[in-house]
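Below you will find one chain, with nothing else, as structure tokens; this is the form predicted alone, and questions on how it binds or moves follow later.
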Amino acid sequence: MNIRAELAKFLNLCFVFSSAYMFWQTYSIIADTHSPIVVVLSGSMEPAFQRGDILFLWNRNQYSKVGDIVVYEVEDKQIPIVHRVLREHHSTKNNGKQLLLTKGDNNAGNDIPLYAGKKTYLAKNTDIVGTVKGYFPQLGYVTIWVAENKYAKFALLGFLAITSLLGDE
């Protein structure tokens, strides 16, 4: 066992993870959102987006239009919700801030029951994570599998560790 070679493998693995993290942070700054890439977790937006699609978000637009697909998070929950803007208006009380009503394409009703604190609208500047600007179909199933299977995280990490330690490069 050559300690120098093993250390080089470990540093290579660290480089891969730090590069992915730097890409994520750079894209977060460019897109002006804390979560620039999300995975569709349900079928509420079918046929536009399927479960497992990876979405790329952009949050630098000042206003959202009716028909835009936005991602929002409900207070105290970390699950992103991907739905279409059904209605928008500007509040006269709060310096004209934009308020949005959303609905999933495959849902019967609007999202008011999902909003926290008995809200009737989402505030564009505080509740919206971003507007969908692009996607990769079905690529996010790996993250869904890892999130839904309690042993998948350990299996994936173990597989990565073994392949990085046993690989020649």
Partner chain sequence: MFSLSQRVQYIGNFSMTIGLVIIALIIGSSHFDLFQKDILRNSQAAIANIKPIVGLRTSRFYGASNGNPKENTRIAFDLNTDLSGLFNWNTKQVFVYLTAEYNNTEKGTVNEVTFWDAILPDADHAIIKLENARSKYSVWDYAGDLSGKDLQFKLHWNVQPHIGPLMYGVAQGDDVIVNIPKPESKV
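Treat the numbers as computed from the prediction; the structure is a model and nothing was measured. Numbering follows the first chain given and starts at 1.
One more form of this protein, predicted together with the partner chain, exists but is not displayed; see below.
Contact check for residue 127: no non-hydrogen atom falls within 4.5 Å of the partner chain in the predicted bound form. When contacts are judged by a 4.5 Å heavy atom cut-off, residue 26 does not count as touching the partner chain in the predicted bound form. With a 4.5 Å cutoff on heavy atoms, residue 73 does not count as touching the partner chain in the predicted bound form; it lies far away.
For the chain shown alone, residue 37 is not a contact residue for the partner chain in the predicted bound form, no non-hydrogen atom being within 4.5 angstroms. Contacts between 47-69 and the partner chain, taken as any heavy atom within 4.5 Å in the predicted bound form, involve 47, 48, 49, 50, 53, 66, 67, 68, 69.
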